[in-house]
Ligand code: SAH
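Before any questions on binding or motion, here is one chain by itself as structure tokens, the form predicted on its own.
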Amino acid sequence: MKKNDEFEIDITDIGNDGEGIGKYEGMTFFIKGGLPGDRVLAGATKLKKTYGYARLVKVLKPSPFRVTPLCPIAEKCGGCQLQSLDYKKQLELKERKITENLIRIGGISPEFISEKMDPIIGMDNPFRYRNKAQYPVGTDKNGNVIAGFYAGRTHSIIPNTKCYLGAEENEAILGTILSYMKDNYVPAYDETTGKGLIRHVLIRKGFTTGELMVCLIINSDKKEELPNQQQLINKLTEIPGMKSVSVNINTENTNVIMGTEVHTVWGDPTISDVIHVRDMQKDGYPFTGYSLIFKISPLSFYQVNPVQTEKLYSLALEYAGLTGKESVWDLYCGIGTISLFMARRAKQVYGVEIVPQAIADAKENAKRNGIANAEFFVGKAEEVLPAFYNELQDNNLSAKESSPAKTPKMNGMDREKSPERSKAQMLHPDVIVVDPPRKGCDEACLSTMLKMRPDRIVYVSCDSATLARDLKILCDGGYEIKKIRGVDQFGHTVHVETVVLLTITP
């Protein structure tokens, strides 16, 4: 076979990036736009020894699971990989993805997984669920300013101001900003030259409160760089719910969207939202749990799907099995969402997060909700936890000793909230909750967790491959898996969250 040769192939699976997978003459091919059950005509684009890539030329026989996407550019845009696939089939594929990774990477038997895994928690409506959107801004071939999303595996912007996964207000906000840029000759950032002003637009919405935030990421170290800035502010503030307008400074030649410096140019520096947790043993609503209010800044980590977040956190809380007597470590705690829900049911909670602003938000959120039994540390979990453990071990701390902790390596510790807390409880907690980034937990973090020997570990993962890798380490270290369940946070994409409960092996 040579490049550009065309061939017929049956699509049998979906890859990690949403591409269809099939076999032709012993070779595995990855074909963007192909869906399981399709028979397609494909054209080879890249050939390796045992696999290749191909473009979708024509669907010869559509899959019985193929549907017409709501968005007319869904197949071009890199934001939705699966909008052409029936949603129930999406859930099936995501559940299978979790299972296959646990088998292949974690070395767990299919029979064991079948026994421990509950059905995936899907969405009632897999549209309009995102409370956060980041739109790259650029220029098309005719010189027009555009905003939208990157096409898959590229930095080519597909113009789109009406995303069906985001809040409806996003379209009006983007239209306002693009009109302002056109009227005032404000240039979009150009990655190739490093010139231009506006790089991205960040929009956040509190789904419960209706509050809106707009943050413009600019290629300038001056917050006043926007010409006729007040004109833009006046137009944005006409949109119902607008609460905050800010600029973020990012002058680096980087793919990282946000810089570290934020300036509020109108309104408040944060918006607020409310998350509810409920008893997962109850059959749906009416709501039977409790609620917390959170302040969110442009740099805050906050789950993008508020409806499914309630289900995710409710599940994590159920797995933690708290009775009010437990000490809990929450690693990668963000702005304290899981920490504060755990604090309502635990004796004491300790949260760790590398982003200083997130820890500042977490402390404010604790005060806002009247929670005094949660403390937060700034630092990498893989550094903070071992430093804490090693320091107390070096001090030969007895199990009964109780006094204020002296841990200079743990920056950001709130020492005022519980001066009589037990170091022993911190050293050997009842529960550790981890919600790491896609790369999973660092080896030093996992090693320290095994030394601390909590009764239960609740692992919340956004990547089942790194989850499987880490579970193997934890199980080899004396833990056993009790429960597994997927939660679909990202409908029409290939991503899926997984929650796992581990307990010490008897």
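Counting begins at 1, following the sequence as shown. Bear in mind that the values here come from a model prediction, so they are computed numbers and not experimental data.
Form predicted together with the named molecule: not shown, discussed below.
A heavy atom within 4.5 Å of the named molecule in the predicted bound form is found for exactly one of G166, P298, G78, P436: P436. Proximity to the named molecule in the predicted bound form, defined as a heavy atom within 4.5 Å, singles out one entry of V277, M342, M213, A381, which is A381. Looking at I73, you'd find every heavy atom of it more than 4.5 angstroms from the named molecule in the predicted bound form.
Residue contact check for Y313: one or more of its heavy atoms lie within 4.5 Å of the named molecule in the predicted bound form.
In the predicted bound form, the named molecule lies within 4.5 Å of some heavy atom of Q303. In the predicted bound form, E353 approaches the named molecule with a heavy atom inside 4.5 Å. Of the candidate stretches 95-103, 331-339, 229-237, 424-432, only 331-339 has residues with heavy atoms within 4.5 Å of the named molecule in the predicted bound form.
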